[in-house]
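So this one's two forms of a single chain, laid out as structure tokens and tagged structure 1 and structure 2.
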Structure 1
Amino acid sequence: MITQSEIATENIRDQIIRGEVPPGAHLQENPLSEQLGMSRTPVRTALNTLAQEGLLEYVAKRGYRVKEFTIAEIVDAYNVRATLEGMACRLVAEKGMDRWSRSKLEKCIEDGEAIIQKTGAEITDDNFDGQAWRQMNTTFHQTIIEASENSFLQQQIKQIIFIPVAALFVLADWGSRVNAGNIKRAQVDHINIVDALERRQSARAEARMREHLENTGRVIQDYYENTQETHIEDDQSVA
């Protein structure tokens, strides 16, 4: 049975990840209790849990504040996640995939291809179904993590995932922009990862997953640096 504190944790975490609560914002028990329609006790527990996850930080006499992440921290988080999920891939390949996991991953490949095909000749912001892609991508990674059957590893990955995802709103409109090359590359990565898992090639499966996630970190860093350069040029032109 899901507890009130778990419900509060999920709700507050979702608000942070979606960027509805900006970095640096202070979260107070009373307003959150009224918003969620529950007492302060589960909200207090939720805030403490999110602080342990790294999404909040405690400020003396002011309560909890949404943590602000630097681009370096986001990239670091992706690199750590790459290592952990690479390990998950290796474990799955070594013991072999069960039929249920194989079916889910193959369905993710099919869904990814269908999303790309629907865009026609060129992927753009207007024709790309970002929500469907994110759902597929989440299912893909979660299936492999669960198939590793290593509860400690699963917990560590679960925690590290929140940091880069929640921190992406420091990149202005990162989430609203589509890069066709990155989408197609990710689809090829997924295909290669599944192929390595099916062939029980543990070293290859681990390497492909690590490369897949490390590349995402590099893409984010490049986007951030290019955005910063553009802002500097704009400021100089105004001056």
Structure 2
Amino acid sequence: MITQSEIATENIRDQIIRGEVPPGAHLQENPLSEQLGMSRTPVRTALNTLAQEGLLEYVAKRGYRVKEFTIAEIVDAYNVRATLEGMACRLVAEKGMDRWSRSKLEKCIEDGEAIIQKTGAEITDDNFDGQAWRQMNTTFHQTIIEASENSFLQQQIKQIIFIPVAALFVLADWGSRVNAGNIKRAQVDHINIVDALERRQSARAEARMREHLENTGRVIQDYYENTQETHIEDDQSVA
């Protein structure tokens, strides 16, 4: 069964991740309960939940405000993710992969290859299938995390997915924000990671995955800094 509290939680979380409510905004219970057509009670529960997830900051008697993430914090989070998924790779290499995980990863490699082949030398919005790439990428990482068979690891990594700006790169269509170089490098990374896992080279698998995600973090950082500049320009044009 689905409760009002759960509806409120998902709805408000979505609004935050999509950037519909800006960082730093004060979320008040009455407006939210009106907006969602429910009483304050389930809204309060939702706000408490989201604060625990780290999306909101809470001060007693003053309520909740949307947490502002600095570039540094987002990069920090990505580095933590890099370390944790690196650990997942180490565990998988040590334990050895079962047949199903292995075939799923190999399919990811094939799919990635196909997407790049179809794209050609130059990546544009038209010829690059960002949707398919993201799906392949999610499956790739998820498969390794699950194959690690460490439930804590899975839980910890999940939390990082909810960080607003980082999550945008998963949700939004960032096909136009990547270039051929990044995509091809990511594909090579994936190939090397799977190779290391199959050879059960745990240290190599760990190092490769860590580097792979640290690269992604750098891409996000670059993009973020560029858009920051753009925003400043926008502000100036208004002034």
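Rigid core (definition): largest C-alpha set, two forms, superposition within 1.5 Å. Numbering runs along the sequence of structure 1, starting at 1. This one's a predicted model, so the numbers in the text were calculated from it and none came from an experiment.
The first of the two standalone chains is derived from the form predicted alone. For R44, the Cα coordinates differ by 2 angstroms or more between the two structures after the core has been superposed. Core-superposed comparison between the two structures: the C-alpha position of H212 differs by less than 2 Å.
Core-superposed comparison between the two structures: CA of S33 displaced by 2 Å or more. The Cα position of G24 changes by 4.6 Å between the two structures once both are aligned on the rigid core.
In the rigid-core superposition between the two structures, residue position Y58 carries a C-alpha shift of 3.9 Å.
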